[in-house]
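Given as structure tokens, the chain that follows is alone and in the form predicted on its own.
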């Protein structure tokens, strides 16, 4: 493959990255949620080090994209927000991971 073709392929790979997953806070959220069955909001808050508002905003974007499922419930009259990565979120993260590996291998 010529240098120009390799550059063009690399540029196209970068352009096609899922920017929703690529953002560092959302990538961290997805990585955590994919490593556990589910997590509550406070666990995720501690693990990410994000503020409540920032975490909530990122979760809202991931939920809108269908990458995360958010369930609100009460446990002994205390509200609890339970978060789960969806199959779509798992697929998106895996596609992102593969694309990034390909980009980095072709640098």
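Residue numbers count along the first chain shown, from 1. From a predicted model like this one, the values you see are computed outputs, not experimental measurements.
Below: the form predicted in complex with the DNA, not depicted.
Mapping the unseen interface onto this chain, residue 64 falls outside it, with no heavy atom inside 4.5 Å of the DNA in the model of the complex.
Looking at residue 42, you'd find a heavy atom of it within 4.5 angstroms of the DNA in the model of the complex. Interface residue remark: residue 23 is counted as part of the site for the DNA in the model of the complex, having a heavy atom within 4.5 Å. Heavy atoms of residue 81 reach within 4.5 Å of the DNA in the model of the complex, making it an interface residue. Residues of 47-64 that come within 4.5 Å of the DNA in the model of the complex, judged by any heavy atom, are 51, 52, 53, 54, 56, 57, 58, 61 in sequence order.
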